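Only one chain is shown below, in structure tokens, and it's the form predicted on its own.
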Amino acid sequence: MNQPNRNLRLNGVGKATGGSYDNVFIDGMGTINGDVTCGDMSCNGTIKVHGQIKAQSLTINGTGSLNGALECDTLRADGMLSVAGEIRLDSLTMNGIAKTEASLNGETVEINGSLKTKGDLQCESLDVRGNLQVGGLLNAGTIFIELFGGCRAREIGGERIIVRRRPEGKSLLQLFSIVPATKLTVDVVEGDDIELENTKAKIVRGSRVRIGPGCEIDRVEYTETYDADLKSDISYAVKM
């Protein structure tokens, strides 16, 4: 007979081995050595996992560090999260700073803060209000980015793409000029409906394209409508 699962609970400073658990609770500083499979995992404090995590839901209030892959249905993190492997999930809500050394794949991704991935970022819906660094391709059905500091991606593709500058006066960091130049730098932007502000791109290609203020675009290709703000620098625009 299979041995029944059990809960893992760490209070204060503690360590545990990986394994299969019903639920995992960490309140304090917890270290898990090995892969973890569980239902719900909740951390209030600091968690370090020397392995990978496969969970139904993961909630982190504090700091999380994982040197393997992460797979879960829902992930909410308030603080800092670092994942060495690939991230696969349905829903991500991040309030703080998140980074992965690989790719991130999901359904809905919401970032209030900073997200850095060295690989691709693919999802159905992306909402970023802050800083975004994508080493590879950013691909989503709908993309909304409210810029805060320098953002970068190699290529961006989607059905509806909106990039806007964060309104002035929203952050103390902006008031004291601590944040770097608020601009998205990308090689190619391709989609159906595209609205850009403060974007530097080589090629923008879409059906309906609107270029707002603060943009530097080498070439715009559109099939239906095109509009450009006088405060942007567009080298060449052509209807295909």
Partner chain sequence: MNDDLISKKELLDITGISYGQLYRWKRKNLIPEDWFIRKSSYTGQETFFPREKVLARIDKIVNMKEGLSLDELADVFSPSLKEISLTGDILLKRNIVTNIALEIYLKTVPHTGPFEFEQILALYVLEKLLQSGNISLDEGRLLIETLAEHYPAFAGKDCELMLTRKMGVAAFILLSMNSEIYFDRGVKEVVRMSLAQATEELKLKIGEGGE
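Values in this document were obtained by computation on a predicted structure and should not be read as measured data. Positions refer to the first chain, counted from 1.
A second form of this protein, the form predicted in complex with the partner chain, is not displayed here; the remarks below concern that form.
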Heavy atom within 4.5 Å of the partner chain in the predicted bound form - residue from G85, G113, G149, G157: G157
Please pick, from D120, D127, D78, D90, the one residue with any non-hydrogen atom lying within 4.5 angstroms of the partner chain in the predicted bound form. D120
Contact of E221 with the partner chain in the predicted bound form (heavy atom, 4.5 Å): yes
Can you work out whether T100 and the partner chain are in contact in the predicted bound form, taking contact to mean some heavy atom pair no more than 4.5 Å apart? no
Look up in the predicted bound form whether I203 has a non-hydrogen atom within 4.5 angstroms of the partner chain, and give yes or no. yes
Close approach of N139 to the partner chain in the predicted bound form, 4.5 Å, heavy atom: yes
Go through 35-43, 62-70, 187-195, 49-57 and give me the stretch that gets within 4.5 Å of the partner chain in the predicted bound form, heavy atoms only. 187-195
